[in-house]
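One chain comes next, on its own, written as structure tokens: the form predicted on its own.
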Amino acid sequence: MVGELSKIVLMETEGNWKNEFGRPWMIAGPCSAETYEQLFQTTKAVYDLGITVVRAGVWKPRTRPNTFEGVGEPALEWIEAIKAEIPVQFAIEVANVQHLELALKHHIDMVWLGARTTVNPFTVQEIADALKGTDIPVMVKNPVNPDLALWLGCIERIANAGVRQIAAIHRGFSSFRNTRYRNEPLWQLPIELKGRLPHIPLICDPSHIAGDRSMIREIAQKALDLNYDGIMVETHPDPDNALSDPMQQVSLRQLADIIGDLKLRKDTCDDALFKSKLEELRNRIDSIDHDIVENLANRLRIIEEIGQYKKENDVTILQMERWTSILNSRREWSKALGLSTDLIEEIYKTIHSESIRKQTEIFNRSPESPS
């Protein structure tokens, strides 16, 4: 199925976003549609900046009850009225079949499935079934937790319904770690999704990743540097008094500044000297990577010997004192070499996990089994 999905291109025919909107495709609008006046003012300002796709929250699935959860269907009526005056398209979140049916009834141009919806295959399947026979573009946000299979599965279900206008939205992932982000970006996951589905456009939602308007420009630029196809930003005429997520919404003036500051990189450079130098550097990386893989293989062979030796002497697999010593010493080595200690820690946690797995396999091996 993933092979089939790789053929899907959002707006492949008429309305191709790369032809119609250019790259990057910009989407902006309020976290929530609060009043007609607020939505009209925001839409007009966004359109004046050259952005023709407006996002607006109609239903807001909040973590706790008794908070603002969106105005519901009246906001869809506001959207229809605004579209009659301003030539924009609107994208909204749908969390269930009833939301989708109302969106179609009110001629919403695009919908997205939010992080809380993506995690539930039952709900996704119900929405997918309701999408059959429609041609509305569907954007799929990553699930709350860093689960690539769930993200891919949601896209597969939507594609199986016959939808051929699909995009992925990267909005970051919940994390137990203490980070500066509201939702940790974990850039490698959307990059892996793009590797699996190279023709599915990838959009970054820096507002939900950051949770803080001061970081939005930085995250949006990184997404463009990573060759994302689009950016979705939350904006509000008076962010501090917004009814939902005030800290992550930028003012209309800030949105203009962010757009003006963003730099779009080229996909490649045709300069012969650039190509020659790049090839030389990549060859050096290939050589170093070969040595890394060879050394890793040697390390794991020694781990297998250690595992066998522990088994013969009835010694536990996990030795916390040794593991703590390894982690601390590798951190110190990385500091001395000017490397990120977080990077080294993540690498060694992965290596340690594989070491535990290999030793467990040895412990579970019966005496008659071949080594």
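Numbering starts at 1 and follows the sequence shown. The shown structure was predicted, so the numbers you read here are calculated from the model rather than taken from an experiment.
Missing here is the form predicted in complex with phosphoenolpyruvate (PEP); even so, the following discussion is about that form.
Here the chain stands alone, but in the predicted complex its contact with phosphoenolpyruvate (PEP), taken as any heavy atom within 4.5 Å, falls in 106-114 among 106-114, 156-164, 283-291, 129-137. Phosphoenolpyruvate (PEP) in the predicted complex comes within 4.5 Å of a heavy atom belonging to E93. In the predicted complex, phosphoenolpyruvate (PEP) lies farther than 4.5 Å from every heavy atom of I51. At a distance threshold of 4.5 angstroms between non-hydrogen atoms, R331 is out of contact with phosphoenolpyruvate (PEP) in the predicted complex. Within this chain, K311 is remote from the site of phosphoenolpyruvate (PEP) in the predicted complex, having no heavy atom within 4.5 Å. Along 156-178, a non-hydrogen atom within 4.5 Å of phosphoenolpyruvate (PEP) in the predicted complex is carried only by R171.
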